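A single chain, nothing else alongside it, follows as structure tokens in the form predicted on its own.
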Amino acid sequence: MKFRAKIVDTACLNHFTRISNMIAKLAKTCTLRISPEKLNFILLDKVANGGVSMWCELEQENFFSEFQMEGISAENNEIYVELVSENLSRALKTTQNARALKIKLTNKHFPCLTVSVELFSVSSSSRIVTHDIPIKVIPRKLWKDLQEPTVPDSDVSIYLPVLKTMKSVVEKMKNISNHLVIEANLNGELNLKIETELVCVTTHFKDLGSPQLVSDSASQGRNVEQMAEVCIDIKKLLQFLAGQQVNPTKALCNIVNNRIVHFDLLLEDVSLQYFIPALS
């Protein structure tokens, strides 16, 4: 297995760093999948056990000026490694005002993802800061458990409000309850609701729009006022909202009634899917 890549464009470098920071907030450890066209950051906890899942995908050609990789074989030209997300994020913090970034797979007594940052220097010689991030290579037999999650048919699909606004609302609600109900309908209405023995608090968002009204003929027979809802762990929702560094160009919330909520974000040229299962 071989992998080496290089970023020289400052905008690409900053964007890749932001993505890395986001992943570190969303997942303590994650799987990095390297293929000839794409990089994926993957977290697939078992939904049955109440775990969240994440699938983040970026096209390598949008970031890297050089990209070379050889998977475990010609038929299986992919590499899967597990790493601590914070280690990558911390290594990339040194890329501010960097001239170039190189990433490669190495073996230094143990498998590593080596991140080399070439910094501008006052003298003609450049300084290079190197980080060796320990990784665990995932064997081929386990790859089947790390494929893109299938998205169940949603009862309601709705555009999200500004995520910063949503985060500030959820932060206040977290002080009252551990559970939150997200409910929405095809009329563009989204409610965030908490109920305890003492208090019931609901925040209403209106006129958000629903892509289903345009695209899904099956939804035409559905009552647009009818709410679909899911009750989730409020901390898991807050973790997702806190991970967003920039407001996405597209943000969708898909609700499967009483089963799961699926967030689908487009951040410039990076897609992020995030699944939070309903509380049983």
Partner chain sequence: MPLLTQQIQAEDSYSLVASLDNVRNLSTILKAIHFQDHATCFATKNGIKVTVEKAKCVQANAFIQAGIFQEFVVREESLTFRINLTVLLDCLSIFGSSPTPGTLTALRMCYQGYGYPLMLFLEEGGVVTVCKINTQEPEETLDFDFCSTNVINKIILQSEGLREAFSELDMTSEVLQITMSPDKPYFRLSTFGNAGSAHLDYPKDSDLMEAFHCNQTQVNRYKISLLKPSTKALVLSCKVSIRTDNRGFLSLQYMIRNEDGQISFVEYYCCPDEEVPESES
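Because the structure is predicted, anything quoted here is derived from the model rather than measured. Positions refer to the first chain, counted from 1.
Beyond the structure shown, there is the form predicted in complex with the partner chain, which is absent from this document and is the topic of what follows.
Enquirer: Tell me which stretch of 88 to 96, 158 to 166, 178 to 186, 70 to 78 has a heavy atom within 4.5 angstroms of the partner chain in the predicted bound form.
Expert: Of the stretches listed, the one contacting the partner is 158 to 166.
Enquirer: Is residue 198 a contact residue for the partner chain in the predicted bound form, using a 4.5 Å heavy atom cut-off?
Expert: Taking the distances in the predicted bound form, the answer for residue 198 is yes, it comes within 4.5 Å of the partner chain.
Enquirer: Heavy atom to heavy atom, is residue 143 within 4.5 Å of the partner chain in the predicted bound form?
Expert: Output for residue 143 is no: heavy atoms all beyond 4.5 Å of the partner chain.
Enquirer: Decide whether residue 108 counts as a contact residue for the partner chain in the predicted bound form under a heavy atom distance cut-off of 4.5 Å.
Expert: Close contact is absent here: in the predicted bound form, residue 108 is far from the partner chain, nothing within 4.5 Å, heavy atoms only.
Enquirer: Can residue 173 be called a contact residue for the partner chain in the predicted bound form at 4.5 Å between heavy atoms?
Expert: Residue 173 belongs to the contact set for the partner chain.
Enquirer: Only one of 130, 147, 202, 121 has a non-hydrogen atom within 4.5 angstroms of the partner chain in the predicted bound form; which is it?
Expert: Contact with the partner chain in the predicted bound form is made by 202 alone.
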